[in-house]
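Listed next as structure tokens: two forms of one protein chain, kept apart as structure 1 and structure 2.
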Structure 1
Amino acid sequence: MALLVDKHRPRSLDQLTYHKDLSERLRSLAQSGDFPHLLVYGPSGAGKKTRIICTLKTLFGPGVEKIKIDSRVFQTTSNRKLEFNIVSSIYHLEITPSDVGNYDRVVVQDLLKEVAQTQQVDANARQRFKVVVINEADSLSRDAQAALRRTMEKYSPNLRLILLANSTANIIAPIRSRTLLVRVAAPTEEEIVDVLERSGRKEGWKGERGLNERIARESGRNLRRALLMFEAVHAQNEKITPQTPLPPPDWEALLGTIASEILAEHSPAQILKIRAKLYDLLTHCIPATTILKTLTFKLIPLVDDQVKAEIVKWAAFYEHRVRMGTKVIFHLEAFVAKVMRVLEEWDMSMDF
């Protein structure tokens, strides 16, 4: 059974209910005959991916929706084999090179070169180029971005790139200068309420505007999260009222438990216990940076004001380590140990 977030996903630019001016600009680009490389950025849950798929449908037609998932194996210079999934149609490919960590350059170089050197197979296609959509472009290593830049320069007649990112801060300047930047802002709470009401009507659920407004507020203007919360509330409760409690995601509740455990005991045994929970989150595909950020926000209300700045400082330090390193569990565990140390030092200073 499909989730609401997929079941009611807009299939064309006309069906998108917010940022109408942006939809019109994307339509104009698709119909102009001179489609550029794009760098689409904005917060999670703003609808970047949905807009791009709708734009590709305008560009190529309904064939974009006939997708398949292939598994490819790439070989590094040290003969290590990397298994990598590719979502594709005959007109486009969708990849997430950051899934292979520091080996993302190998995927970018080999795959994009292969795609760019082949002509469009559909003789009736409206465009003569293929599009490659790169998810989490701001997580690409510098080497991968440099390889991307060379590919953009060398193979632009047969290839268009669409980079999706939360921010442009980690994208190198040469790529930013060679792409058209498109910002997709987070929807307003009112726009999220409107989407929830539409989805509720399609499902035949009785609407409670007060509840929808709470969901929009609690979601942090993340439409994907709002739809998941909306569906969870209706799945878990027979009777819905404006006061119906909103269940937190399981991973968020687990991070709340970890925050409490950090404060409860400062020992190696406690770190080992927390490590198991961190591994559990990572194996369920919760990004390390999300774990670090959420854990920090869970800790801040539980500690004294004088300690808050210190915890935020070390969270920023270890977030940088997570992005630069390969074994994220080491850095998450080091953050937990550091917070325990900071809390111990604070307790000792208070004793004196």
Structure 2
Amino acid sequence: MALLVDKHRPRSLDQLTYHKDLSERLRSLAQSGDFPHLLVYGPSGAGKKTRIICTLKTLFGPGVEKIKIDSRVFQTTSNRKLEFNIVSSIYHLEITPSDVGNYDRVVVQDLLKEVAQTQQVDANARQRFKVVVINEADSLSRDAQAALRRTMEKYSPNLRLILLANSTANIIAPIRSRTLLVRVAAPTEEEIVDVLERSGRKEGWKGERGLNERIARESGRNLRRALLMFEAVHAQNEKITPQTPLPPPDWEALLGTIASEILAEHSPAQILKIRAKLYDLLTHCIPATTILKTLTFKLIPLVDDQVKAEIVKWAAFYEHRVRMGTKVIFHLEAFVAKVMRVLEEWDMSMDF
């Protein structure tokens, strides 16, 4: 059974319920015939991909929805073979180069040139060019990004790129210079409620506005998360009321526990106990940055206003270290120890 997120995914620009002006802008670009390269960025769950698929449909017609998955083999200079999946229709293809890690440059070099040097098969195609959608473009290596530069200029009659990213920060300046930046904001809470209501109606569920509003708030404006929560709540409960509890995901609940433990006792023994839990989260593939951020935002409501800024300061400090270092557990643990220290000092100052 398909999940709601897939089942009710809008399939054309006019089915998109929010950011109407952005939909119009994309439509006018798609209909103009001189579609530029795009760099589409915005937070996770804001609906970037959906919006782009809808744009492709405006560009090429329903043919873009007939997709297939190919497995391709690339050869590196050191003769290593790389296997790599490509989703394609006759008008476009979609790749996630981060799948091949450091060899992304090889894939980008070979694949894009190949696409660029061959013309559109469909003689009646609305556009002469083909589109290559690159997922997670912010994790492309610098070399891979550099490899895109001249290709984007030289082959512009045959090729357009759409890069999808959470942020533009890791995109090199020459690439930003060659693309039109398109920001996709996360939907507001009201907009999320609206989407939930439409989805619920399609499923024949009785709507509970209060519940939907709580889901929207809990989701942190992430529509994908909101829809998953919405579906889970309906799957788990016979009867829905505005008060039906919304259980957080396991890992989030565990971080809630860690936050209370940090507050409860400031001792080496306690750190040891927490370390085990942190390891647990890491082995379940929760990224260190997510752990650190979630923990921070679980701690904030529990502590005095005076120390909130201090905790954020150390969170940012250790997150930077996580990024630069190699042993993430060190920095997570150091953060825990630091927060305990800050809280301890605060308690002492209050005693006097």
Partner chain sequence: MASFFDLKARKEAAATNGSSKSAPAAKETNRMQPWVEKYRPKNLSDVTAQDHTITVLQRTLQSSNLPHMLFYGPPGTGKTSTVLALAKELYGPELMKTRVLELNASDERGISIVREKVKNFARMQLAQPTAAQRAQYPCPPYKIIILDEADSMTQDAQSALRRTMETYSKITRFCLICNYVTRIIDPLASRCSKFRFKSLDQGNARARVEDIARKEGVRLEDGAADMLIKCSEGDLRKAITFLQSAARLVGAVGDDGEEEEDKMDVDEKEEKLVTVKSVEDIAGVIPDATIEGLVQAMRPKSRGLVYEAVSKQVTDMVADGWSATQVITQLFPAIIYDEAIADNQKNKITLIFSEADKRLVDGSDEHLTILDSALRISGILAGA
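Nothing here was measured: the structure is a model prediction, and the numbers come from that model. For clarity, a rigid core is taken as the largest C-alpha set superposing within 1.5 Å between two forms. Residue indices: 1-based, along structure 1.
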* To do: When you get a sec, tell me if the form predicted in complex with its partner chain is 1 or 2.
  => 2
* Using C-alpha superpositions, work out the turn of the smaller rigid part against the larger one between the two structures, rounded to whole degrees. => 25
* Asked: Hey, core superposed, how many Å does L295 shift at the CA between the two structures?
  -> 6.3
* Asked: For P247, what C-alpha shift in Å results between the two structures following superposition on the rigid core?
  -> 2.8
